[in-house]
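Only one chain is included here, represented as structure tokens and corresponding to the form predicted on its own.
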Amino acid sequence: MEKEYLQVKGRIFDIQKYSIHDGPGIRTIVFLKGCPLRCKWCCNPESQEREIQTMFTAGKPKIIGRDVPVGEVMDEVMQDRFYYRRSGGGLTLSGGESLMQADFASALLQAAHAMGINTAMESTGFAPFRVIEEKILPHLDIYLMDIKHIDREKHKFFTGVSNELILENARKIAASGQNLVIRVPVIPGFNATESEILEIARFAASLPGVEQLHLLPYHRLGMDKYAGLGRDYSLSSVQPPSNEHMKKLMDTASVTGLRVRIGG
């Protein structure tokens, strides 16, 4: 009888192979649709709405979102199992926010583990901790968690939600013994000063077991998607931080004793 978790259905909008930036080794990233945040810089605006959408790309309509069972996703993921074994890679869940489809995310992670595949998840941690603890952590090898800002009001203005639940869950996830890596999208005008990055780094360093901090420089690669969805991109005048500035932020964060690097 087919394992029940292989029949669980969820909504995805992309599967990206041969990634080397979202967890160790060569990875396949499965992008789940839906997110409770509305980050002004989001490079995947098509991920935010849970509904299936039409986005215009190069003037042509493209359907964004499809409903698939776990077994079908894993058939594609397992095509590259040779690369996972050779590189220490595996499956990474991204989005959107995978916790919005917690049952589907859990089934994907469970299936990957059953097939001997390393698992990672990129996530803001914006969900009741019970959901994370019961559905995600038992099947997860690496939690790549975004901490975008320590200031509650600034976080809410730029993302649409307060950071209280996120910071609380970061503490609980770390306390659980989970392999937790903190990642910071570095956005000029939001959190790209030395003092703001240092504050985030100090918070990360206070979490038990956390050793790594990844600084992810802002880019504008997703800007055209907003026009394709009929939306305005409010950060169109913002320029990516220079390599020199990112190096300065890396050096600043490193005083906390964390292993800090630029990029995921």
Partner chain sequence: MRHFYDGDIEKSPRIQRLIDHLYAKMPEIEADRAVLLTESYRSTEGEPIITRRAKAFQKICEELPIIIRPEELIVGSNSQAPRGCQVFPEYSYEWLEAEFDTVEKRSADPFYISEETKQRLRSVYPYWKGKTTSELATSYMTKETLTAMEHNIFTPGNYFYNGIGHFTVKYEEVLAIGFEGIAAKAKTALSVCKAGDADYARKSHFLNAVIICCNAAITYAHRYAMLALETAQKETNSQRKMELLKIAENCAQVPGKPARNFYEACQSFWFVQMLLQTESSGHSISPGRFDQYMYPYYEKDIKEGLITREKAQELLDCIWVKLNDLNKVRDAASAEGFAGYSLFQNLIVGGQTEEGEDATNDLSFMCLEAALHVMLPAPSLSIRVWNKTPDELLIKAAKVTRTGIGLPAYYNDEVIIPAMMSRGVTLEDARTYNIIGCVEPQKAGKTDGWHDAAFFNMCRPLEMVFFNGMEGGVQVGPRTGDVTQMKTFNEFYDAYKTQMNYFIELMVNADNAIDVAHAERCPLPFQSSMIDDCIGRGKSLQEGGAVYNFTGPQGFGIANVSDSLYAIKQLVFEEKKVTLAEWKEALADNYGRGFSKQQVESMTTQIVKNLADAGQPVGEREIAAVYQTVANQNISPEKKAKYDQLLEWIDQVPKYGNDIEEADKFARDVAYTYTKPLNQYRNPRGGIFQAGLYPVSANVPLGAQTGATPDGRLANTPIADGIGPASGRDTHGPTAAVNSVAKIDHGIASNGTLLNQKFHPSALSGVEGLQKFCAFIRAFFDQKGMHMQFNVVSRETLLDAQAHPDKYRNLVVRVAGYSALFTTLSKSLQDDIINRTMQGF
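Positions refer to the first chain, counted from 1. Keep in mind it's a predicted model, so treat the numbers as computed, not measured.
Omitted from view is the form predicted in complex with the partner chain, to which the following refers.
Here the chain stands alone, but in the model of the complex its contact with the partner chain, taken as any heavy atom within 4.5 Å, falls in 79 to 87 among 96 to 104, 79 to 87, 153 to 161, 170 to 178. Contact check for I20: a heavy atom falls within 4.5 Å of the partner chain in the model of the complex. The partner chain is not drawn, but in the model of the complex it has no heavy atom within 4.5 Å of G209. Within 4.5 Å of any heavy atom of the partner chain in the model of the complex lies no heavy atom of P36.
When contacts are judged by a 4.5 Å heavy atom cut-off, L221 counts as touching the partner chain in the model of the complex.
Contact here is defined as any heavy atom lying within 4.5 Å of the partner chain in the model of the complex, and by that definition not a single one of K40, L165 and L198 is a contact residue.
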